[in-house]
Each structure stands twice: as structure tokens, then as C-alpha cells.
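Take a look at this single chain, the form predicted alone, given in C-alpha cells.
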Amino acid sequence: MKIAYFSPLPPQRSGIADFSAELLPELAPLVDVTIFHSTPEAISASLRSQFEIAPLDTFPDRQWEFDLPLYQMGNSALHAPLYKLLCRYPGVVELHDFVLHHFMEQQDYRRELGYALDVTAVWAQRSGRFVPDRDTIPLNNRVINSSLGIIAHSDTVARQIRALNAEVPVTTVPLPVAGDATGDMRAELGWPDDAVVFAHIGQITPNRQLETALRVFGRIHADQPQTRYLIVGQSLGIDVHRLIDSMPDVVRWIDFVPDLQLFLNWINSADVVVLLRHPTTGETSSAGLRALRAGKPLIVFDHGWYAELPNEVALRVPVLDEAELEKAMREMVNSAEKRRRMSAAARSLALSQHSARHTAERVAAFLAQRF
């Protein structure tokens, strides 16, 4: 099959960009891939040496060369031009987020609001009488209804898609994660060897609930002085300095890490990774999978994809329940043996179910069904 491939790619700051960079070399032996991108000249030399990378705006004239388009669709501004294309030139969509409206410009937003609900909702929104909840109204109806098939990364999202459109073909394919740490950065932190290090990894946004995690951590540290908290990621609208200025010696923030290998080494510096997404937009956490591959137990809220994680690798707590979160964090502090068992199970799960080759084979098989 000849596939036209659409996705953000490194050096763009996106988990989906990193996903595509890992998937594409495994997909290449299975299908004939041409990548369409808004800035082909900026793509890494390794990808340019393996694939034809064409300007995004040339696809309409070349569409007849391909059996199918494959769109990597997520909920960020990087996907706005892909969204416009996939609505005009349907193909298979790999849906990384169930909610798809945060990147839309006002005109697009109102059009999709009318499509998903009705025209009265548009007039109500324009007059200020209706403020749509951007975390519960996904505005993905047109994408789902026009797609030739959808690839989801969790059973939760697959069920949500089928509830909106029972006719569209849907499959669940595990999100892949590749790459291993070559060491850790604990020496650079200067913390004691016996420190139990919790970590936040990935972008820092309001729905990552970092403030909640740090508030609970503060109570734990008061009587468990060996605990530390590591934050690795770019802040988007969060004043991280304000959150950590009362604990300068026990909480450390490492801003955006552009080098993936270094990012993996920072993940490897933690003992436990805390992922508290709420609300969830239907994502499968690539940061969480990288932590599992590094052998790091997770503490998560019990909803969405996170609820699908087995007990052997993650402690799941009720959403926004600080008492249960504190209980889970203390459990991890107090049992090195539990951390060791969960660490081994986490890495085993990542290696057995989340390899890029396994994902590429599943994606290629689904594309063949749609062609």
C-alpha cells in the first residue's frame, strides 16, 4: 500500500511527534510511506534520509498517488492544518485524544459546535448564554463520521467512539514506546542516596494537577524527610516557582528537555512517577509509558486509560481524592520491596505490549482492511 502520512514530527514539541519518529521506521517495511509536513526542511536528517517528506499543501494535487491517508490526530495547535485536510480528504485517523477542540479557531469552533449539537447552541454561545465545557464536549463528531477507520490507543476511547458512531470501523492498538535510559541524573540533584524520589514528567498544565500532588507531598515530607519531588517538563500557564518556593531543597524543577535520551535519564532518576490527569481528554500517556519502560511504578487517577493499567504497575486512586493519594504515596515510600516488584512488572509490560514493531504491524493490518 502507498500511504500518505500526516503528523507533527521532531523537533516540534509534541508527544505525538516523538511517537511518529519511533513508529515510522517500523512502519516503513510494511507499507510505502510518504510524509506530508508543513516544514519538511526542519525534519530530522534521519527521517529525511528514510522517507520522502513533501510539503503539506502539495497533498491535494497528489492525493491520487496514494491508497490511503493516515492522520495522527491530537488536541493541540500542531494538528490544526491536519484537521482541515482530513475533513476534506478522509482516511484512517489514529486518534490520540478524544477531545479535539482546544486548537480550533473561533470560526472552526462554532462550525463544529453546530455540527455536534445544533445551530441554537452556536447562537447561544455567541450571545454568551452558553459556555461549552471544553473537557466534556469533544467536538470530534466530524472527524469520526468522515473517517474510513479509527485507531484508538485505549479501550476507553474505542467505546466512546462507538457510542458516537456505531458504523465507523474502530480498532485498539497499544501506544508504542521505545528507547532506554543510559543512566540517571541523581548525582546532579545532590540528594541523599536513600532519597525516595517522586516525579512529575511531561508538560505542566492545569489538568496535570501538579499543585495537588505537591500539597500532598508536603504533608508526607513533614514526617518522611527522605522523600523528594522531581519535576521534569515545560510549564504551560503554571507558575511552577510559586508552587515550589516553600520547598527549595526537596523539590527540583527541570524545564523542557529537548534531548530524548536526556529526558529518559531524568525519568530514570525517579523511584515513582505520579500522573494525575484530570480532566482527561482521552489521551494515552506517552510519558507514563516511558516511565513504565524505565521500570517506574505509577500513581494515577482511576479513570480513562489510566484505569486500564494493571494493579501490578500502578496504584489507582479516586479522582481528586487527596486522602487516598496520600495513602498511595506513603505506601510507596514505606515499601522498597513493593517498589521493586512494581518496577519489574512495569518494564515487562512496556516491553511485551508497547513495542513500536508490534504497533506498526497492528496499524498496517488495519490499513489493509480499510484499503
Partner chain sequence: MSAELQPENSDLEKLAVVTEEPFRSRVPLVAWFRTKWLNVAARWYIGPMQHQQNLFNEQLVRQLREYETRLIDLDRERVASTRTIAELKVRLQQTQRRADSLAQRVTELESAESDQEVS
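Numbering follows the first chain given and starts at 1. The structure displayed is predicted, hence computed values, not measured ones.
Beyond what is shown, the protein has a form predicted in complex with the partner chain; the following relates to that form.
In the predicted complex, the partner chain lies farther than 4.5 Å from every heavy atom of V197. Shown alone here, Y115 lies within 4.5 Å of the partner chain in the predicted complex, counting heavy atoms only. Contact between R215 and the partner chain in the predicted complex is not found at the 4.5 Å heavy atom cutoff.
Taking the partner from elsewhere, Q63 is found to have a heavy atom lying within 4.5 Å of the partner chain in the predicted complex. Within 4.5 Å of the partner chain in the predicted complex, a heavy atom is found for not a single one of R13, H221 and W253.
The partner is absent here, but in the predicted complex a heavy atom of C87, alone among L276, I238, C87, M104, sits within 4.5 Å of the partner chain. Only one of T284, T280, T227, S147 comes within 4.5 Å of the partner chain in the predicted complex through a heavy atom, and that residue is S147. Per the 4.5 Å heavy atom criterion, the partner chain in the predicted complex is contacted by stretch 66 to 74, the sole one of 43 to 51, 319 to 327, 302 to 310, 66 to 74.
Along 340 to 371, a non-hydrogen atom within 4.5 Å of the partner chain in the predicted complex is carried by R370, F371, in order along the sequence.
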